[in-house]
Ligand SMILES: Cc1cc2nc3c(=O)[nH]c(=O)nc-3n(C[C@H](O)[C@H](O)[C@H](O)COP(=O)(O)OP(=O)(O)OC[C@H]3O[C@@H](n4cnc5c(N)ncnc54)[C@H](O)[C@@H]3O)c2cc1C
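Let's start with one chain on its own, the form predicted on its own, as structure tokens.
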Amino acid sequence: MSDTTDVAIVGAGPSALYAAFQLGLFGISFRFIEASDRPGGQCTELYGDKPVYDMPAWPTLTAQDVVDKLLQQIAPFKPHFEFGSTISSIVRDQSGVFCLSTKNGRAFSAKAVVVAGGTGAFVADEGRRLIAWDWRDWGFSGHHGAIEVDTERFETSMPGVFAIGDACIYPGKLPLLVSAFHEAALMVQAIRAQLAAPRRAVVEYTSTSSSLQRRLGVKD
């Protein structure tokens, strides 16, 4: 028996966390599948104290501050993390559901998959080792350790599987956090449209939408 969710998010770094925020806004369930024993990705593992000066509206933050604020932002959606779980395969069954298997014997099912695992998995052992991904083992097209995506949907060569952040590559790619957040926002709109079909997914704004504000817990 596998655990089922709307979207399985591979990784739990900043791009994954912001993708979860966008998914939660629109009532789409998600589950993080993370190789390490904590969220944050490279920002936590390598650069926690490093100052970040190019975050919109924040003159300066540390990389760990960014992670902490993203975790605070998704708290209303009660996120579930599967730590210590490294994906070994992603297979789509005849019904269109994705079956994800992990190296520690866990299994998950999802209607869509987001690959946001950066360039590798941090193994939660004494050395906090970074093990580089080989996305070709999962059947994806890519190069330089990243998966090729289109820039409208951020979908991979495997329909229904998306990639953002350091895990993806496309012409003009900028390896910046703000770029990863942009990728996440566009990707989630594509996932909304996929899950809502044949209905139309209407664009909503947190500043005016009562339904989004209720999901965030700022409106009764």
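Not measured: the values here are computed from a predicted model. Just count from 1 along the sequence shown to find any residue number.
Heads up, the form predicted together with this ligand isn't pictured, but that's what we're talking about next.
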- Message: Within 4.5 angstroms, counting heavy atoms, which one of the listed stretches 187 to 195, 164 to 172, 148 to 156, 22 to 30 is next to this ligand in the model of the complex?
- Response: 164 to 172
- At the 4.5 Å heavy atom threshold, is Q73 in contact with this ligand in the model of the complex? no
- With heavy atoms only and a cut-off of 4.5 Å, decide whether G139 touches this ligand in the model of the complex. no
- Query: Does T119 reach this ligand in the model of the complex, with heavy atoms at most 4.5 Å apart?
  - Reply: yes
- So in the model of the complex, does any heavy atom of Q64 sit within 4.5 Å of this ligand? no
- Can you tell me which bits of 68 to 85 touch this ligand in the model of the complex, meaning any heavy atom within 4.5 Å? S85
